[in-house]
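Heads up, what comes next is one protein chain in two forms, each shown on its own as structure tokens, labelled structure 1 and structure 2.
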Structure 1
Amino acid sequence: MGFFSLRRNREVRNEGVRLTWGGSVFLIGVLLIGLTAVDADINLLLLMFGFCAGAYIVNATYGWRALRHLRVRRVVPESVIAGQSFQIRYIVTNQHRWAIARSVVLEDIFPGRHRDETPQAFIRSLRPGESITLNVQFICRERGRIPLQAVRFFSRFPFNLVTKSVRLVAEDELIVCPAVGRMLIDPTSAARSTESSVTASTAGRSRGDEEYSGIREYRHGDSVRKIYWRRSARTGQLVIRETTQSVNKQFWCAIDTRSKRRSQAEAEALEKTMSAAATFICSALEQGASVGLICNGDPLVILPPGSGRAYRPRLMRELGLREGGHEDSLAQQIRRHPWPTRWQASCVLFSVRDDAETRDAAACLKRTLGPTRCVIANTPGFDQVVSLSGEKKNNVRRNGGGKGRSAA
């Protein structure tokens, strides 16, 4: 299944029978017919009352056996991107021996969400022992962890007078990663401050990241360190090794998540910060760079620089699960952690606030890792670095939701 996880339901619970709006109106009419028939002693009305009451009984009892014997397996991706459509797969099986399930609606239960904002799928008919696969397209608007608790089956067949429903416990979770926008500048230039561009360009040379390209004659002004002494002694003429400077594509993405828990403005700024960091990480990885992640909190998150498609889900998942409101100083946490020399690289610091703590963290990152650039949410510099298309107001990190449609 790759990056997909399967969970089986472990419990079936009846939710009972309830009247629909049309069924309530119809019931009032049936009661009036019954009262009139008894009062006037009209046999035709009594017969009509019996037919109407029988319709209620048939609607309330038909299909119960098949509904209670439905089983489902939910297949969800391990992580998704906020604002992007993804697919949830439901494998439904009718385990009853002879009852046919007709006109059944499958509804996933997302805590804190209205029914219209949860995935739904329609099953026209499911024979005994038959299985069907339902693919539902869904969109989560907000970042975070969504616990999936149960799946509900309900049916109003055949007369749409009452709703019969059962709930199947199927625990799972969905990780929604931050929305990804568009980098307005190259990630390489975003990771280098203007005052430290020379230092960044020579960082590879100081670590010996050079590639051999050939041999040529020694020229006046060439470095003595590049002389190929063994070849020079054999040929009697000074020659030097020619090397090309390998491009050092290793960057750090640091995030300062300090924000007030009850501040709506800072909550929205935090979501912008996370989306900007996700955009930078994805753009850098697409260009073949190695990216590491630093995020304050309890505990401090440090993921060493890595590259490739397999590393992107790990970084994005961490951004999706990271909460705001941590008052832990990023600078103090960085000072307490040992940093190997091989990790030194340019860094981009994304922060919600532009205060002394942020500037202290930037200075600490510069001394520890390398040239550091600050990107603060809701500032002109932020809009010059990244564009977050489809921004949504009140985008607080909570459970996600969106209208789902089925495609059997």
Structure 2
Amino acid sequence: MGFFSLRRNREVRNEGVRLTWGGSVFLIGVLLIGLTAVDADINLLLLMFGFCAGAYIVNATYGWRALRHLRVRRVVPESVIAGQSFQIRYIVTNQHRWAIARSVVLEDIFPGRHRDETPQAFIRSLRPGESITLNVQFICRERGRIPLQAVRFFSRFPFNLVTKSVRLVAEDELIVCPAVGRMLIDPTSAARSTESSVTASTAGRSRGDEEYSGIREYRHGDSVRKIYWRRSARTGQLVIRETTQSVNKQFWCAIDTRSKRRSQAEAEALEKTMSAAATFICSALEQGASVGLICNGDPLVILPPGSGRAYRPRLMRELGLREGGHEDSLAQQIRRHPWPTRWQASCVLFSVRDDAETRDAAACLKRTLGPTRCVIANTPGFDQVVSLSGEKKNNVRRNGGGKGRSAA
């Protein structure tokens, strides 16, 4: 900004000054001191009142320049997994020529979330022209799209009596994919209509025909033996070596997302369904299979079968963004769509409801694509196929593997 420039920066919005809790309590004391001082006409009390009231003025005005000249660049991952910690990187620069920013709190604004549940970081001091990179670990518990619009900087420096804050426009988007659990059965066998067992899924690994395919973050349920310790130590985050089996198979993951808009129970069931589907897709892709996705709603989503690491984010992103609260029939939508014969493969249908519509969809999928297995949320069969929390793993194993419900 030039010397006489009156240009207003539209990226920065001044949110003003407000009293802190401590400042409010202290204000009562200050007013009492002021009243006593005026009543008693005691100069030392008046002086004391001057210092106390002055502290508010100093607190409200000191450091504004630097605060208004802070700029931030946010680096967020394209998509993150619900329930798993991820890193948001903030590069903060003090663009003022001489003012030092001190005791500044950076707070990302997540719409619809309480301030205590948003990423925050503390900057002790930032000199003119200095940049600082802050890495904040964070966890999103819910799936969906989080539009990130702004970042707030606030400071209570130096006396913590008032908070002054500015809001900086920093538009971004965070896609939270459904939480990924652990398949209790081999995904390839889950996609078949016949029964499968855990021993079958582990047999391949024990034979040693796995191929190294890359590195990914550690997820709950992963084998500790797969942790890549050297890389984990370097990055500060647990990562594992990802391996794929040489399986040349093709599967479909179909999701019936019909649910009532205001039903809490169905919303929870939908989340479970999505998580189960995500778990299935991840497991299948890790085993080298090609997976396609069908998801009803407006519009109907059909992602043709694909494989490899690059394909997973695409599928997960779609799962993260799908919403329930509609009554579009999956069977009808499938029937309206032409299906090439090369797409025919085994299919797993994940559904929120256990009703005739679901059965109709399963039958339709079986006719159109191939053998279809139905996994319905909140049924005993669901817990035998997918474990979304670690505690159930051993119990399920003791029960002798999962058994889903097959379509007729």
Partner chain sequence: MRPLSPLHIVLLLLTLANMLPAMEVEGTWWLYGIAIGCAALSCLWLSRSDGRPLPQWVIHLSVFASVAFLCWEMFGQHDEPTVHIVDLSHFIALLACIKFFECVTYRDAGLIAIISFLLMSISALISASPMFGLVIALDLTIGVGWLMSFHAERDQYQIETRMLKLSGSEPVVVSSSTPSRKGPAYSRAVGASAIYLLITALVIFVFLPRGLYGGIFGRMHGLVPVSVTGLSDVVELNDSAVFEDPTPVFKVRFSKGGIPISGEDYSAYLRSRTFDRYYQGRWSGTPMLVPRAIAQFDPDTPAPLIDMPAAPALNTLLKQEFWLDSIGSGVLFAVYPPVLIDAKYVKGLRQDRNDFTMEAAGIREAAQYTVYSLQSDAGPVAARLRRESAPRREFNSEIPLRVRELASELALRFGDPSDAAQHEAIARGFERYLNSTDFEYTLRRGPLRKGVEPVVDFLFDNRRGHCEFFATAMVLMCQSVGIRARLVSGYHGGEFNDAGGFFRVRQKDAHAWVEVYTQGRGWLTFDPTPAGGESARRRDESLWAQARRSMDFLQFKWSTWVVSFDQESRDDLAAGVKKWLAKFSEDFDERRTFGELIKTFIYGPDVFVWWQRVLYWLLLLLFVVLVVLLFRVLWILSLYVRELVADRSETQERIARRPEARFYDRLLLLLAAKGHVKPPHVTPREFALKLSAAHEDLRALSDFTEWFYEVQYGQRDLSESRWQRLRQFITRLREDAAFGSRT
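On a predicted model such as this, the values are computed, not experimentally measured, just so you know. Throughout, residue numbering runs from 1 along the sequence of structure 1. Take the two forms, superpose them, and find the largest set of C-alpha atoms that agree within 1.5 Å; that set is the rigid core.
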item: Index of the chain form predicted on its own, chosen from the pair; value: 1
item: Large Cα move at residue 229 between structure 1 and structure 2, threshold 2 Å, rigid core; value: yes
item: Is_shifted residue 54 between structure 1 and structure 2 (CA, 2 Å cut-off, rigid core); value: yes
item: Rigid core fit then residue 28 CA moved by 2 Å or more between structure 1 and structure 2; value: yes
